[in-house]
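Read the single chain below, which is given as structure tokens and is the form predicted on its own.
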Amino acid sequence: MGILEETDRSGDARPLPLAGLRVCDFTWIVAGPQATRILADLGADVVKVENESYIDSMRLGLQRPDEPMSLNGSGFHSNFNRNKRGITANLHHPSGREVVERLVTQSDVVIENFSAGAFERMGFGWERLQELNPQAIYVSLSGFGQVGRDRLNITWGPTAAAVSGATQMSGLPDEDPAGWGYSYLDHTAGYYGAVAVLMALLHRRRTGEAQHIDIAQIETGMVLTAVPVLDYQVNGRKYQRIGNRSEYPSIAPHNTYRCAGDDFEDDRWIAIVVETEEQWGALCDVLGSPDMASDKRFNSNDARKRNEDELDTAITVLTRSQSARDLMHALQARRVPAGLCQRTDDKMEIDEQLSARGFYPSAPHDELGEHRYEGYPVQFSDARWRMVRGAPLLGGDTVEVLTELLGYSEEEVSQMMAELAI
């Protein structure tokens, strides 16, 4: 029914792992939509519930600068809400609330990422959801979780990263914390949300029990700080920022190095890691520097770590005039871990590996047209993920969902629209 009937555009007939699963999706911005996007990619029928009075701010972000602002014009929003269906419902209207309650009764999962307690204040706490559908798994994904002193605190991805400790760890020695320049914890929380849903579904299948899942976004970042936490507990050492270098394991070189520029940038960069003496010899050979290979400052890993500043300077002198892409291929051919620091155009237009894996499939959007989207980074031997369409238009599937799924007549839907219930 609906989007579930749509087949892969390539004709792939393999099954979707989550086909038949229905998700009632109240998520917005990034963390929650990331979780439900994964479920939708794997075949779940995700029905996104929105309210025109409280628009998801992502609908207004990253729009085309040469076109009028639109509630459906954000590629960013489309990417995080692809493969979903979308309805609008006004919870302040009895009929709008009834629509949502009827959708809950037909859903396997209900998920939201409002501030702690907000969904309960809307009238949909765990007890009420259990009354409506005892089999529904309920996921609450908030910054600090649903319990504790700070549960009502407000977070975004970067602030959650700061509280988790991840921001403090990122940057160069003797410099201010740099952070990651990206709302990584929004995505991390989404990944954990999708995994938690799958675990709860497995538990329900084994026991018949549904449950309330409480995810704290900041805690999904704390697990990324495990090595410094262990070092503090065992050795009493305070963490020191090390930039791109490596202390665990303690190896060198382990950094990014400046290369020749191209038509778009004055400089390109390459990441190079050497784990063994064989790799060190191969690096010196590819860079055409036998003198560096025999230099007493660099003739062992211990020596290279002791003289890491001089080592990075010497390597940069040799990489500075080279093509980062060609150097990557030359080093990889000699089994030296090396990677071009890729831009978006590198990944989407040039990278043959991503092309071979079909990582950027195209799909239509009712307003933005045909575009490529980032893929799902898993390949199954006997199943598939899908890329059917971009995000639903605001309320674009309301009539279909209410009539075909929830059993309302077209006349009832028209009346609800006239009353602004949906």
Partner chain sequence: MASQLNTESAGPIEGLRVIEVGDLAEVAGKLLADAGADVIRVEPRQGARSRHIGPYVNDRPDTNHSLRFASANTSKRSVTLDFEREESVSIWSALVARTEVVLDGTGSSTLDDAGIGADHFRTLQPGLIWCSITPFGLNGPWQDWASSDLVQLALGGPMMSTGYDDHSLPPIRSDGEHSIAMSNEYALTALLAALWLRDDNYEDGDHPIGQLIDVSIHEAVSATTEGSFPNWEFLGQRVIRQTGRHAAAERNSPWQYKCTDGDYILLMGGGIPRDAKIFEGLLRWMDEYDLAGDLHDPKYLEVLYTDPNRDVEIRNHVADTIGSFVQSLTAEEVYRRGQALHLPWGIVRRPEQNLDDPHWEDRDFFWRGELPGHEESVRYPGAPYRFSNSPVRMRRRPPLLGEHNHEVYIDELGMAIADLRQYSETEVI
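Positions refer to the first chain, counted from 1. Predicted model, so just to flag it, every value in this text is computed and none were measured.
Just so it is clear, the following notes concern the form predicted together with the partner chain, a form of the same protein that is not shown.
Though the partner is left out of this view, residue 114 does not reach within 4.5 Å of the partner chain in the model of the complex, counting heavy atoms only. At the 4.5 Å threshold, heavy atoms of residue 165 reach the partner chain in the model of the complex. Of the heavy atoms in residue 394, none are within 4.5 Å of the partner chain in the model of the complex. Contact check for residue 68: every heavy atom lies farther than 4.5 Å from the partner chain in the model of the complex.
Looking at 285 to 293, 303 to 311, 117 to 125, 69 to 77, the stretch with residues near the partner chain in the model of the complex, meaning non-hydrogen atoms within 4.5 angstroms, turns out to be 69 to 77. Put simply, of 106, 135, 332, 316 only one has a heavy atom within 4.5 Å of the partner chain in the model of the complex, and it is 332. For the stretch 280 to 311, the set of residues having any non-hydrogen atom within 4.5 angstroms of the partner chain in the model of the complex is empty.
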